[in-house]
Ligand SMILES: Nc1ncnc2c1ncn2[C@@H]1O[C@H](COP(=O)(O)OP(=O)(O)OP(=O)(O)O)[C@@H](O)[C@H]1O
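Just the one chain here, the form predicted on its own, laid out as structure tokens.
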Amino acid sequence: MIDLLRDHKVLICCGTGGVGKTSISASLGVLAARNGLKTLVLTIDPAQRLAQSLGIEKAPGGDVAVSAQAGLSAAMVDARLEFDQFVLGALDKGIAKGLFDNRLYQQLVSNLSGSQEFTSLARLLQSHRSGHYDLIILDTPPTQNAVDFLRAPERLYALFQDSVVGWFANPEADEGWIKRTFHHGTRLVTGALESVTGSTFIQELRDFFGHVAHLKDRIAKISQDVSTLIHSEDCGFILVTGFDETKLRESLEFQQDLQNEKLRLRAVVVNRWFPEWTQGERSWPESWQGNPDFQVLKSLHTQFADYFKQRQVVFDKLHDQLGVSVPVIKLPDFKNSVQGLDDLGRMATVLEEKWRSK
């Protein structure tokens, strides 16, 4: 696994919600830093204890050096903050202020479809260009479809392109009379709506799209640059899934999405594979055999072990369908939840051990 970390500048952990992407992303960061790589983990919404362990619970947006692990930094991507900074970097300060003051912008920027994904990828691009890190690991937002995440910049650009913005934006001086007539007609319609509703919403809508018109070229450029980065040999994907039939079937769809997009899948991590107590053989003292309480516990143990064997059969079938040559790492369901840096270090050790045994 060390070679995997050293051979890439960017690793993107993807998968549906609830499979442990954040913990695995952070543990990979610990493993990389242990092996001398200056590493940044970009995460979206970590659990509070994990955020505290990484030192980012009170510092959204900025890179924070993890004091207990040399070479490791972490950052929590704040969609609103990142989008505001993107606007400031793309627009004149006066235009940016007008957009920030717009109530429609204030409501939509954190909830707009694709905004969280866009800001995550824009932040990844910025960190990569900084040259400060040997490796950047991105923990992606929960999504049911890998393409929804990967195409977020394109979708956001499509929203702000001429066909939509043109309805509301002011005409340019050099536009032809047909476009100027179209804009004039739009203003008449929106003005009528505003007089009927007695609301300032229509004016705010016009102002919003008028300001946003200045962003579309910048969004298009980021979309292109992100696509170039994630399709390069410097970038690899790690698919994280859970050990139940639904999650495994979702992983098949993810794998197909990545293949269709010609993106490099480097590993599959099946998290919470078996409880730790199911691994290995168990021998019981002969003196326990006559204890009725022990017999009850032994029966329960056998039932649970059989249940996990059945799940193994389901996995084997789906793994055959996956049909990929990348390593599949099976992590146990640890006795304690992964919360602190010590837990991340333990998970990193198990990840490395499982990889070596492949």
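Quick caveat, the model's predicted, so the values are computed rather than measured. Residue numbers run from 1 along the displayed sequence.
This next part talks about the form predicted together with this ligand, which is not shown.
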{"item": "All of His8, His128 and Gly131 with a heavy atom within 4.5 Å of this ligand in the model of the complex", "value": "no"}
{"item": "Answer range among 62-70, 326-334, 31-39, 285-293 for contact with this ligand, defined in the model of the complex as heavy atoms within 4.5 Å", "value": "326-334"}
{"item": "is_contact(Ile12, this ligand) in the model of the complex, heavy atom dist at most 4.5 Å", "value": "no"}
{"item": "Touches this ligand in the model of the complex: Glu253 (any heavy atom, 4.5 Å)", "value": "no"}
{"item": "Non-hydrogen atom contact Asn271 with this ligand in the model of the complex at 4.5 angstroms", "value": "yes"}
{"item": "Partner proximity in the model of the complex: Thr349 to this ligand, non-hydrogen atom cutoff 4.5 Å", "value": "no"}
{"item": "This ligand in the model of the complex - contacting residues of 9-30, heavy atom within 4.5 Å", "value": "Thr16, Gly17, Gly18, Val19, Gly20, Lys21, Thr22, Ser23"}
